[in-house]
Every structure is written in C-alpha cells, then in structure tokens.
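To begin, one chain is listed below as structure tokens, in the form predicted alone.
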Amino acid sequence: MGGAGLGLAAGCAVATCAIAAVMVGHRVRSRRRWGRAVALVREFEEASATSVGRLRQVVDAMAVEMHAGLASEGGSKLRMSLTFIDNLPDGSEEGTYYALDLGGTNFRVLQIQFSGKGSMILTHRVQRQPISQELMTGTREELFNFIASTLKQFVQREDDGIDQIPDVRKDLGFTFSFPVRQLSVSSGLLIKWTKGFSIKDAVGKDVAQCLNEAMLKTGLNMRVAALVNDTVGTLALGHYYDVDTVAAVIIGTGTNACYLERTDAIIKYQGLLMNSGDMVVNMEWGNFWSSHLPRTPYDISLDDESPNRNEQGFEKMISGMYLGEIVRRVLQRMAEESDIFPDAVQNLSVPFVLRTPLMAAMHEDGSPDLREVGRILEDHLKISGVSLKARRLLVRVCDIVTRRAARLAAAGIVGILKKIGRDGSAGVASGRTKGKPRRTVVAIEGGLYVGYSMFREYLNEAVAEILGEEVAPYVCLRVCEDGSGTGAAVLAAAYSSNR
C-alpha cells in the first residue's frame, strides 16, 4: 500500500510538473507571439517615419516636379494642366447663377444668388438627381438631354422672378469630375470615363458643348460659362471669401491640388498664353512620386495588386480611399505571425474590408476600454475576443498610417508654397512685404481633412513645423466646403457674359 501510494504521489507530481511545464511553455510562446506583433508595429513605424528633414526633402521634390511639369508635356509625374482660369472671384460678384456638379451616380443642380458686396450669398438652392445605370452606359445624347431636362425643371421651379427676362441668358458653372483635356475656360474634351460610366460616343467630345446643345434643344436659355473640376471650384470659392487664397487642396476619398501660377512660368504653353498675369494650374498631384516618400512593404503590395500599378503613388499614401486598406494589410500580417487577433486571418484577408471611416472611428476612440474599437472589430470584421492591449496596438497602427498621410500631405502643400515663393525660403523673393512674409491662404476641402480631427491636427502641425515659427503664422489653412457646387457657380459669375 505504501509503495502504491508513493507511486501515485510520484505520478501526480509528474503530472503536475507536466501541466506546469505546458502552461509555462504556453505563456512563453504567447509572449513571443505578442513580442512579434509589437516588433511588426515597431518596424512599420520606423519605415513610415516622417521627420521634418524628410518632409523638407518631399517639399523640394514636389517643387522640382512642378517646375518639370510646367516646362514640358510629360516631363513630370505631375500633369500640371492649364485651366484657362485667370480671373478668380473676389467677392464683388452679383446676381443669380447656376451650377451643375456631375461626378458620380448622382448629380446636383444649384441656384445661388450673390449679393455683390462683402462675399455674401443671399440664397442657395440645390437638388440632387440620381442617374440610372442605363444612362451611365447609354449614349451622350441620352445623358445630356436628361441633365438638361432636369436643369430646366429646376430653373422653372426655383426662379422666382430673378433673371426671368426671356432674352437674358443664364450662366452655368459645370463641375465635371472626369479626366478632361481643357480647351478653354468653358470647353474641354473627355479623355475617358471612370466611376462606372461607359458612354463610348462621348469620349473625345467637348462635354460643355454636349450640354449646351442639350439645353438649347430643351429650350433652356443657359450656357456653360466655366468648365471646372472640384479642386478648381474650391480655389475659386476660397478666393471669393479671401483674395489671399493662392491654392486649393482636396483630401477626401481621392486627392488633388491646384494653385495660381504666373503665366510666364508655364513654359510649355508660352505660345498659347497671351496675358502676362496669373492662371490656375491643375496639378493632378495624386500621381506625384519621389524616392523620399517613406514607402513600406505594405504600400508596395497594395500598389502591385491595384488596377493602376505604378500610378497615383502619392494618392495611395495620403487619401481616404487607401488608408484603411494599409491598416488592414498591417493587421493581416500581425494576425498571421501572432495570436493577438484570434482566428482573424481569413477575415483580414479581404481587400478593402476595413474602410477609412471605420479606421478613423477606431483611431479616435477615447473610451478607457476602447469600446468602439471592439465593436467595429466584431460588427464589421467579425473578430471577437481581442484583448485591450491588442486593441491599443491596433490604434497605434491607425495612428502611424494617419500621421504619415497627414504629414506627407502637409509637405505637398508647402511644396506648392515653395514653388510660388510663399514658404519663406528665398528671402525678399519669397512673397515678403516690408520685411515680413506675405499672408497666404490655402483652401482645403474633403472628408479626410474636414471630418477626421486627428488627420487635420497632424497636417496643421506638420505645415507649421516645416515652415518654421517665422513664416507659419502667415499661412492659413482654411476649410472651404462645396467647391464643386458653390465654387462652380461663383466661377460662372466671374465669367458671365452679363457682367
């Protein structure tokens, strides 16, 4: 009995030791896997670093590419296209004008009455109209006839006696958010359709002329006074409110910038430009690229798997279309190489399953237990049981991606200011008046900047860091919403034949 009991006790001790060894081994492996997750985030953070020194290199690269794009067609990743807009609104515009904003599966028509003094808008009326799939893939005549008919009904309903004299032609600002080769302020040839449109007989046609003909056919006495994109509309609206506005940037799902350039600096079009003043240049800065941009393996794989590989490199690092996707790719690798996201590899392997608004909501979760992060993981990614420390690590990834994007966008903005001599780097030639820098305003629109406070704070902070304490107080970043609508209308006023 004594021997049996001793054997049993020894057996129990061995079993206990074995269990303890298993538990210790599990804890060691768990710590190693957690350590791997932390190491991946640290590596990503180091690869994404945007020191002020690196940002100033991006500033210089942007300015160099702008010079090259102005010197010759195809000489730069930046298109640097002429808009032919050399007369920006200044707040003195008066009367009732219209805008058409066509850029997706809906379009907007607007009627806006400007007071003529003090940059004041008296009335603002708008109607949204969906576009059927049949119209998006039909003929140009069908699409533009539908738009013209909607415009006519809108004018008849909203016009309360202003400009109702039959012989007075109404002026329209047309925001057309598709690739166009601009021919004049009020005309441009469609290069290609995007966003689900596929109207073959419209490619290569003057879209403003198509609309003018449709309006004439419906009996609407209106003409396109200005054909613009949303970025140019934002600059126009910014200048309407503040004549020190020299550039505009859109940072939303996509991104672009435009600015006011001296015509004598637009070398590639010297034979076409007769005036010696300024003209708005559409940069198409989403395609900017430089070796100084902090590119990571996640950016490379995203680009390799995109339908426009080796294009829109800047946009893929800073715009709302891609930020959530970059975070997803980092989380996917963390899930593959650690156990911090239980059974999540498959759910995290779906491209673009993590949209940027969800990423922003997790990033800005201020609750002590990161409750919103947990809810989004469960509801949208079907990932449950994520520990608090893992959620904190996820938020850190969101912060790295957002901070890098905002600071690179800031470098792009300062690059524009450097090109036009408003960054303080060239002394008297740098837009200085009586020994101090000249006041400069940049109009900004887009959900990433307007609606994402952390992104906005990082961008503003970086602009100030790059410019330095002497120049930064003279540069104002101003939110300017609805450039595609109100901005187009005020450009119609600026170019009205009735002024």
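Everything quoted here is computed from the prediction, not taken from an experiment. In this text, the rigid core denotes the largest set of C-alpha atoms whose superposition between the two forms falls within 1.5 Å. All residue numbers are counted from 1 along the displayed sequence.
One more form of this protein should be noted, the form predicted together with a small molecule, which is absent from this view; the next part is about it.
Shown without its partner, this chain lists Ser186, Thr402, Thr356, Thr255 as candidates; in the model of the complex, only Thr255 has a non-hydrogen atom within 4.5 angstroms of the small molecule. Only one of Gly75, Pro297, Gly116, Pro179 lies close to the small molecule in the model of the complex, with a heavy atom inside 4.5 Å, and it is Pro179. Only one of 327-335, 225-233, 368-376, 417-425 lies within 4.5 Å of the small molecule in the model of the complex by heavy atoms, and it is 225-233.
Within this chain, Thr105 is remote from the site of the small molecule in the model of the complex, having no heavy atom within 4.5 Å.
When the small molecule is considered in the model of the complex, Gln312 lines it closely, a heavy atom lying within 4.5 Å. Taking the partner from elsewhere, Thr194 is found to have a heavy atom lying within 4.5 Å of the small molecule in the model of the complex. Within this chain, Asp303 is remote from the site of the small molecule in the model of the complex, having no heavy atom within 4.5 Å. With the core held fixed, Gln346 shows a CA shift below 2 Å between this form and the one not shown.
When the rigid core is held fixed, the Cα atom of Gly385 travels less than 2 angstroms between this form and the one not shown.
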